[in-house]
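Quick setup: one chain, the form predicted on its own, written in structure tokens, and binding and motion questions come after.
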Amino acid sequence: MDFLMKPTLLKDKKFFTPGVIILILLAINAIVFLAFRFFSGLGSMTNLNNQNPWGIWIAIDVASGVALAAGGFTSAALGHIIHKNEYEVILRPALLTAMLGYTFVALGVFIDLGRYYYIWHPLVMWNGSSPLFEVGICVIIYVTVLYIEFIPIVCERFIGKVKLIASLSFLNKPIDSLLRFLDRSLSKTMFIFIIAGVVLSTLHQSSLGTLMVIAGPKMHPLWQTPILPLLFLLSAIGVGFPMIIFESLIASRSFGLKAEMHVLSKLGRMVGPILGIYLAFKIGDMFIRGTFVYLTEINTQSIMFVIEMLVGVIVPLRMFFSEKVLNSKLLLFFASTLTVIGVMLNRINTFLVAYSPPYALKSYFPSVGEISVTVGFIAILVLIYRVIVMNLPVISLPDKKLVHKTKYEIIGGSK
């Protein structure tokens, strides 16, 4: 029987599982190292110094995190701007993933700053000629937009259901009135925030590439190119749908739900052409600048470049053009995972492998503390995602009360 899909709370699902317990331990481990970082300084638990000013917290937590959260604006453009209603079931999970992703990007910047208590400076000390300033302001505004877009989900959950404990019961009516006001207001103005979110995303996704363009000769020629902002934007768009597929399949497996393959397969069909456009620009740029000659050198940079292109672009590109892959849950997940890994490799290569600090006395390798914090951040993000989808209507499930009318029912017949 064909059922309509409705965002539903997953309250009946078990929260604590062996995997969740492992994630909690990883999160606690990260918090311990963060305590050392904030009380004793960056030098106490990182390998960062004046010669190597940034490491995996920037390459993975920030640069990769921003790219992997691109599912938020790509799905918003597809579902709300282009009005492809069949993708509605993936809009809320994609929004939640983007919201959490950008929140942890902001936290990544916060912990990476030596004087973290000055993180508010860009809000009042403007520098219009700085790409980093543009990235910072766009991310701040976009994070705000994401939380505004999420408010209707909260309103849907609690309108008419605000029941605070006895001593706070006097707040029930004011909070309910506020939720109703926000719901009415945002229903009329949400299109503004959706359009703003898409525009802001294209700006800061590309400007992250601009940051490394100005590095000039400090970067290896395989990655240093004037079109790096365009390549960053294309790769972010290219990983948006694979990240949605990746997240959706993991969530469905974790909660024991049926995967929405009829939607995910359609998303997968869009990935191949986008990766093809990215690959065309990448190869075209290499031949125009003649940087392909560096591939004949056997060193860390050339090997990492080949791995990035093969694993993250060429192999998944071929897979996403295969009907067998698009109709297989396992193969579609594998292709999406490769694309996600490829974009992460690209950001790591651009910010770490390709970048040579001019005064570095030795090469950088992350400390145990840095790795622990990065892994812990991912664990915390997954845990928060799990808590939210179990208590707010984010994931859509079949609603047995909303049965589609058949042709016979419409004309007055019966089955």
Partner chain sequence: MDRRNFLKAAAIACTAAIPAKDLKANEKFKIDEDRVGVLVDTTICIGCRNCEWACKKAHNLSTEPLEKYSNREVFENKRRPNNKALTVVNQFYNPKNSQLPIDVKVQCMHCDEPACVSACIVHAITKHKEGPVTWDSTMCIGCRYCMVACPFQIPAFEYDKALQPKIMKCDFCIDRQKEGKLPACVEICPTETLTFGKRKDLIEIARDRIKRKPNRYSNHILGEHEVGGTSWLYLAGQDFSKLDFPKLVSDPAPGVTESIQHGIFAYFIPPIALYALLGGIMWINKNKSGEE
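Positions refer to the first chain, counted from 1. Bear in mind that the values here come from a model prediction, so they are computed numbers and not experimental data.
The discussion below concerns the form predicted in complex with its partner chain, not included here.
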Please check if P122 has a heavy atom lying within 4.5 Å of any heavy atom of its partner chain in the predicted bound form.
yes
Find out whether any non-hydrogen atom of F33 is located within 4.5 angstroms of its partner chain in the predicted bound form, and reply yes or no.
no
Tell me, yes or no, whether G114 is in contact with its partner chain in the predicted bound form, where a contact means a heavy atom of each within 4.5 Å.
yes
Partner contact for N127 in the predicted bound form: its partner chain, 4.5 angstroms, heavy atom
yes
Pick the stretch from 375-383, 61-69, 45-53, 22-30 whose residues have a heavy atom within 4.5 Å of its partner chain in the predicted bound form.
45-53
Of G276, G284, P226, P174, the only residue with a heavy atom within 4.5 Å of its partner chain in the predicted bound form is P226
From the list L107, L179, L203, V162, which entry has a heavy atom within 4.5 Å of its partner chain in the predicted bound form?
L203
Establish, in the predicted bound form, whether A196, K218 and P357 all lie within 4.5 Å of its partner chain, using non-hydrogen atoms for the distance.
yes
Can you tell me which residues in 207-227 come within 4.5 angstroms of its partner chain in the predicted bound form, by heavy atoms?
S207, T210, L211, M212, V213, I214, A215, P217, K218, P226
